[in-house]
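One chain is shown next in structure tokens, namely the form predicted alone.
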């Protein structure tokens, strides 16, 4: 179905080799499910962009070699031409939506090729049943959780009946239940004979589905493992900076020694409209000087909780105290720093270095700010990206820039929403060490996450929202 023959790709204006491809030769058979993995910036996403035409059509660059799709060389083909054969699900599904409601989104691609309306409706109903989307039909896109958006993105692809489907980090923001639903979708597509290419860090849910695991590093394919070889890889994968193939279990520590009630919350309620209550907490105590995980299914109110806690969303009739003193909304702005789930909303400057400097204490000199920023970038493994534009980075690299900015700001309380989405094993461990270091420095960190491996590595307490 797909043949890469001596493919090289270099992004335009890319001053490093991050994300480029070098001497890629690989054949993918019809009906295979291939998993691409490796450290952030290794070229996984670029691999998928060449298949669906986004590179070099949307992401400019120079490509050499030959790439065959179903027997036809597709180098030079437009995204529109390839869109009839290749369906794409992005890491951030919001970036591929064109409509404000789910039904319009499911129909959108088929409408664009002038498919008969009755056939569009038939396919939408078929996909709704196949992918269990009934409760998501007729909904506002803006009211969906991350997992629900991912399911609609899969549905909009399935309506087109593509031969090939590429997915970029599809599990990055999903809870365990949503990952299981994604796994079922992939199994159905595989049974239908689709050729599936998945760029992914979290591998455990793909172990039974993958025909081959492709490991990449610095733009090259370094290892290819067949399905029967994958079961013996756990130890060696960790050495390569790659996530485990076995699903981690949450380790519950029963000791409560040293925990103090740092933040006390009463009557904490928020609604996006008059009908839907997004958050309702009558009484709650949060420990301080810890790394605290906040878990729960997609749509449970975790992100809303963080936004209410730091004051972005205004809750009514609440009573919040910090160390026994009333903690008003204006004080929460001062004391908290929030790293969003979608960090594209909070990258403002034209270089990674400036991104850290912009939030620093104004009393510091410019030289001190720069030195401090470079030191933090070094700890996160992205000092070499200091002069790069933040929006030109990979998803995992953007995530690290936003988290590094939260550290540079020096606030007492740091809130993080899915900080390990799109992160490989190596950088997840780096973040874990950084959060433990911040805790030792007296900071308090509240982290919304589905990543049990990350929780086991650095979190002291776990709060579950349902």
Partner chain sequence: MRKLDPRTKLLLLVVINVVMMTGKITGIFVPVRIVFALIPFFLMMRETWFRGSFIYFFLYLYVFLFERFTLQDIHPVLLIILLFTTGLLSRFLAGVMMAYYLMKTTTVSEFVTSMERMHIPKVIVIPFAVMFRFFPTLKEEWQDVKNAMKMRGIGLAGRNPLDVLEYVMVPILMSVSKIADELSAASMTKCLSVDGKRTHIAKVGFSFLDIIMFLCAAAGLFAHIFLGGVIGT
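Computed from a predicted structure; not experimentally measured. Numbering follows the first chain given and starts at 1. C-alpha atoms forming the largest set that superposes within 1.5 Å between two forms make up the rigid core.
The same protein also has a form predicted together with the partner chain, omitted here; what follows describes it.
You can rule out all but one of 206-214, 371-379, 126-134, 104-112: in the predicted bound form, only 104-112 has residues with a heavy atom within 4.5 Å of the partner chain. With respect to the partner chain in the predicted bound form, the three residues 4, 8 and 245 uniformly fall beyond 4.5 angstroms at the level of their nearest heavy atom.
Scanning 338, 293, 167, 221 against the partner chain in the predicted bound form with a 4.5 Å heavy atom cut-off leaves one residue, 338.
Proximity to the partner chain in the predicted bound form, taken as a non-hydrogen atom within 4.5 angstroms, holds for one residue of 386, 278, 230, 160, which is 160.
Within 4.5 Å of any heavy atom of the partner chain in the predicted bound form lies no heavy atom of residue 225. Using a 4.5 angstroms limit between non-hydrogen atoms, residue 121 touches the partner chain in the predicted bound form. Although the partner is absent from this view, residue 312 contacts the partner chain in the predicted bound form, with a non-hydrogen atom inside 4.5 angstroms.
Proximity of residue 74 to the partner chain in the predicted bound form falls outside the 4.5 Å heavy atom cutoff.
Along 60-85, a non-hydrogen atom within 4.5 Å of the partner chain in the predicted bound form is carried by 79, 80, 83, 84, in order along the sequence.
Once the rigid core is used as the reference frame, the Cα position of residue 167 differs between the shown form and the other one by less than 2 Å. A movement of the C-alpha atom of residue 415 reaching 2 angstroms or beyond is seen between the shown form and the other one when the two forms are aligned on their rigid core. With the core held fixed, the Cα of residue 135 is displaced between the shown form and the other one by less than 2 Å.
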